[in-house]
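Same chain, two forms, each on its own as structure tokens: structure 1, then structure 2.
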Structure 1
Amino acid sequence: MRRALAVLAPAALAACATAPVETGRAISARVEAGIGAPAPWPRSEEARAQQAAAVAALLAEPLSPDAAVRVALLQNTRVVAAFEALGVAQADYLEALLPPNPVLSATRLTGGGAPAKLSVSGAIDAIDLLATPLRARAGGATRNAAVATATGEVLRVAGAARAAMIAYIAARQEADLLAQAADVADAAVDAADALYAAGNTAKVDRDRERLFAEEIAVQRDLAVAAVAAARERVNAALGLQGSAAQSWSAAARLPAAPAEPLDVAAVDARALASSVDVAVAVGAVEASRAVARKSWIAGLLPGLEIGVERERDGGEWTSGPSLSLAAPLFDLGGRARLRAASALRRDAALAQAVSAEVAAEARARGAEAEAARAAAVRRRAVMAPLSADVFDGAQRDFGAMQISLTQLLEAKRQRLEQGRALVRATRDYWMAQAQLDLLLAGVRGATAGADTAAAPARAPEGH
């Protein structure tokens, strides 16, 4: 036994000291490759100070969605938590590598004038000992799943930061356009007031304009509030607190969607290859398979223990091996085998389902991102100039007395509404692209902090 322990211990201790750091580096490398931003694990005061300085430098400039991701990976302590979880997983893994502890017993029997009777024995759970490689395999699989989970955590931090910043910039652009629209509606009220004061229109004409302007004002106010909420979501996603949460500024507008179609070929295979969920599910299957094998062995020889016993009865020591076996009177081992086998089949089924889901989601996200890109490009390249032409035509019609000043202002408001639609389309594209990128880096599902429902509803039609 001593020999065995001596073999195991140095390896385990070495692994204990270095494995999480190595794994952390691997995760950092993978996140950087997938997201394009570094995700270091600061393990010293010096490293932490360097990161803080890097964050301060980033926050000094208006933040783009890319910069927001960089800040989040340096600043959001969910990243640190994910790395630290690696240590926890490593400890669990090391525990799985150890053989079972032997059971030692000593007995001293006296009485009847006879000399004391000493007996010393040691026994070990033989099945557990024999299954050590299986336990190591199960532990390794579980650890791999934990590494994948940690990777996913870091990627989610990046994705949430990007989504939150896209939403914030778009919300500001929308609020700006709605403020202009409200100004236009106010001007229409001024025009209606002037016509009413001159005796040229009925009160209801004026009141209709006022009501409409109030409608727009409500939308504008909601949009302004939505900007504040979106800013807080950025703070949460980036892990910013205190004055840092107050002082940062963002880029004035979202960049235009790319003109070229997205490359969505084999997007499902690419997503499967990097999927954290698939890795976790596969890890679970591996672990369950090892557990099932172990329970099969245990079923053959239930409760098998082997040991040595040494006894002194009087002056002579006698010794010999011992072996004990549970009599399978009640527990035939069937329940444990059933549990393990079922768990294995369950985990295999789940892994298959996850892989189908990830592949399908990848195709869906690819299609959605490309559709959103095409829509945003059409809005910018075709509809925005058309909208300008329409407004120019309205101005000409105003010059020809075909339409009233109120109608011209309404045309201006519709032009702003087109601008708002372009902002939304651009935002929707970048959101979809971020989702797709995240999926290809390994994480699926909605990104937190990207609540886009905050935008106010459209004005009622038929004004």
Structure 2
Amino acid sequence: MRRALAVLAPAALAACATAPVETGRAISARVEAGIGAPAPWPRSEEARAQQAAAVAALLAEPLSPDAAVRVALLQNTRVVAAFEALGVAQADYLEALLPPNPVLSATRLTGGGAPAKLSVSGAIDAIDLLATPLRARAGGATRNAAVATATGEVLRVAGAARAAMIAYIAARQEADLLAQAADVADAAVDAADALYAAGNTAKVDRDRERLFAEEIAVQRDLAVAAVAAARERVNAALGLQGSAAQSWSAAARLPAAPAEPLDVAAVDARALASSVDVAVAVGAVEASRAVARKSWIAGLLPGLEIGVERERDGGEWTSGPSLSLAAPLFDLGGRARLRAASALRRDAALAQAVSAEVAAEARARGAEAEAARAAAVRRRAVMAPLSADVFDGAQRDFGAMQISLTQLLEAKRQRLEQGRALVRATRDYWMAQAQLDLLLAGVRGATAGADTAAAPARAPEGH
């Protein structure tokens, strides 16, 4: 036993000292495989300087959603926090892996003229010692759940960055569209003023042009404010502050949605295979199973301790083994067994529920992404050209005095709304695709930051 413990303790300490770094590299590789960008864990000043240089190079060019993901994984300190949580999980694993410490005691009795009596003893909790493999199994399951949680946190940072940049580019496109419409409306007002001054148009027609221009101006100003707000959300998602938050630029527009239908076959199976929520739930089940087994052993032999005692009386040493066992008069261990068994059944039920939810969400995300793609393609390929033709026809009819100014203004509104609808449809597709990609990489739920983060891996009762 002494030789086994002498080998086990240093090995466990060595594993705990090195495993978080290797685990971090594994997480980075998985993130890169899932979303196309690695998540490095800088652990030295040199590594941090290299990451800062990489961020600066990325910010020097207009940012696409993919580039925003790379910046976030290099710059957002939530990534570092997720990696550092691995050290906490590893320390907990060490506590579960090592056997219990023995308890040593010494007693010296004097008095009555008799020689001093010295008693030395050592004992160890036999149940904890026997349950070391079970505690190690529970600790390993909890650690695996913590690794899954850290992976999910990193993926959420990437997802939030992509979503924020998609929203920003779309907001700026819409603002640009409204700015162009406002310029055209202002020119129309100038022309209407000139016609009214010459007596060639009625005051009501001039006022209609002015009202339309004012309405467009209000929408333009709101769109400009929306761009500013969207930019700040990008800064938060990427972890940018100071001059870096002010100097970056973004791609001019979102790419068009692909013409080919999405491959959404078996998305539920793919999502289940990579889901961090499922991994966390499975880890909780495995840990609870080990705790339940330990509680069963403890119920059979409550408070069992084994040890050795040496005693010196009158210059002579005597020694022998010692054994202690709690008398099960009041606490028969039923409560602990009930708690552990209930926790195991609860965690098993939750794991089944999580699996069903992930599969259902994957099918829903796939359907939503395909519907959004089809809508964006239809708006670009069919509705946008038709809208342009309708507006051109309305202008010709107005010039030929076949429609009124009111009808022309309505045609202008419809043309503008079709343009905004195309921008929004393209944005909605890329958002839906980002949600689906993130789910297939392992994370379900909204692509936001801490507000939508999954709960950390929970150590089961009794661990």
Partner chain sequence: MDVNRRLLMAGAGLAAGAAAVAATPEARAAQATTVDPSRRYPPGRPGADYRPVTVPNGVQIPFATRGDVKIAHIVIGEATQRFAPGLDAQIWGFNGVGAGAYLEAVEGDRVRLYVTNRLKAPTSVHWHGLILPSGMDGVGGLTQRNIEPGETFVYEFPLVQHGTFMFHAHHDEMAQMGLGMTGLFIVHPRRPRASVDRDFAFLIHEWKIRPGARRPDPNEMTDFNVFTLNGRVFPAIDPMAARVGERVRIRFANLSQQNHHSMHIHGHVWTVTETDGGVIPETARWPETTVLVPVGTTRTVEFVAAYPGDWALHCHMLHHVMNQMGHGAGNMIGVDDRALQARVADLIPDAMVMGGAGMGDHGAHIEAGHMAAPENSIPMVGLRGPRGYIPMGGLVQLLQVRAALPADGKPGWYDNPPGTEARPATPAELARDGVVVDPRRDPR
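All residue numbers here refer to structure 1's sequence, counted from 1. The term rigid core refers to the most C-alpha atoms you can superpose between the two forms while keeping them within 1.5 Å. All of these numbers come straight from a predicted model, not from anything done at the bench.
Pick one: is 1 or 2 the form predicted on its own? Note: form predicted on its own is structure 2; the other is not.
Residue shift check between the two structures, rigid core fit, residue 408 Cα at least 2 Å: True for residue 408: a C-alpha shift of 2 Å or more.
Has the Cα of residue 220 moved 2 Å or more between the two structures, judged after a core fit? Yes: residue 220 shifts by at least 2 Å between the two structures.
When the larger rigid part is held fixed by a C-alpha fit, how many degrees does the smaller part turn between the two structures? About the hinge, the smaller body moves through 11 degrees.
Report, in Å with one decimal, the C-alpha displacement of residue 194 between the two structures after core superposition. Once the two forms are fitted on their core, the shift reads 5.8 Å.
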